[in-house]
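Given next, in structure tokens, is a single chain: the form predicted on its own.
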């Protein structure tokens, strides 16, 4: 942790909920990016966290844009900086609703064009700032305000969609592992072209757990295999240390599910589906790392 700068670019007294791991993630993202950075933020929890004009909790420039427009806005911004010879970091920081669902067409277009920017999706697995409605990223069995009996479908495989665009760098992360997150943002910003980091963002009110347990919930997600930390750099997959350990000796899935009220009363079928999806993802990534597929 001593390698992480002391400078703060997200200030105290934000409008975040207690235990918000979105704001914790953003803290390390901005420490890695530094002051010559512009955030593009579509409608999401972060647009609330930053505060109400004329006051703001952000110590860098922020562009608030429409739900579907973040990657398109970043494309124009990146081109403008390049035209005037500036190397300012352009970072889209968007939730899963604005990435997996509403903004996916702009994301795909920016990656197809080869836009030089970093897109970060912080994933709390629902539409958080409008009442925790189901998103394409909500896992099977999870209760939301629009799936009160539990979602019947598995979450959309966003990482596979991004990987199909062959970006030079993409990774997964979680603020419960801050050094891992910090180093991945630094690496992404050192590479030209479109980059993508998918960050799991446990949410106390949405996931219905006690607010002091956010770091613990992120660690349980990784240790149970429900969230795998890895990098894909110029096509080569590397599974990171915490997830390698979890693949050898995972904690029981129940230790991750039981503290979360959203999984209260989950059916045996949904529980088995979550386990099978996690195991299938782990096997696929291990084969890719070994060069088998």
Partner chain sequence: MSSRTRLARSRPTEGACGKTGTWRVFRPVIDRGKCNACGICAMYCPDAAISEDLEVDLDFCKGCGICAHECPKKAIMMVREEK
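Numbering follows the first chain given and starts at 1. Model, not experiment: these values are computed from the prediction.
The same protein also has a form predicted in complex with its partner chain, omitted here; what follows describes it.
Using a 4.5 Å heavy atom cut-off, which residue among 89, 214, 137, 144 comes into contact with its partner chain in the predicted bound form? Going through each option in turn, the one that passes is 214.
Distance check, residue 50 to its partner chain in the predicted bound form, heavy atom within 4.5 Å: Output for residue 50 is yes: heavy atoms within 4.5 Å of its partner chain.
Partner contact for residue 120 in the predicted bound form: its partner chain, 4.5 angstroms, heavy atom: Residue-level check for residue 120: no, no contact with its partner chain.
Report yes if any heavy atom of residue 253 sits within 4.5 Å of a heavy atom of its partner chain in the predicted bound form; otherwise report no. It does not: once its partner chain is placed as it appears in the predicted bound form, residue 253 has no heavy atom within 4.5 Å of it.
Closest heavy atom of residue 8 to its partner chain in the predicted bound form, within 4.5 Å or not? Judged by the heavy-atom cut-off of 4.5 Å, residue 8 is in contact with its partner chain in the predicted bound form.
Pick from 260-268, 52-60, 228-236, 245-253: which stretch has a heavy atom within 4.5 Å of its partner chain in the predicted bound form? Among the candidates, contact is made by 52-60.
Checking a candidate spot here: are 14, 23 and 28 all in contact with its partner chain in the predicted bound form (at least one heavy atom each within 4.5 Å)? Answer is yes for this spot.
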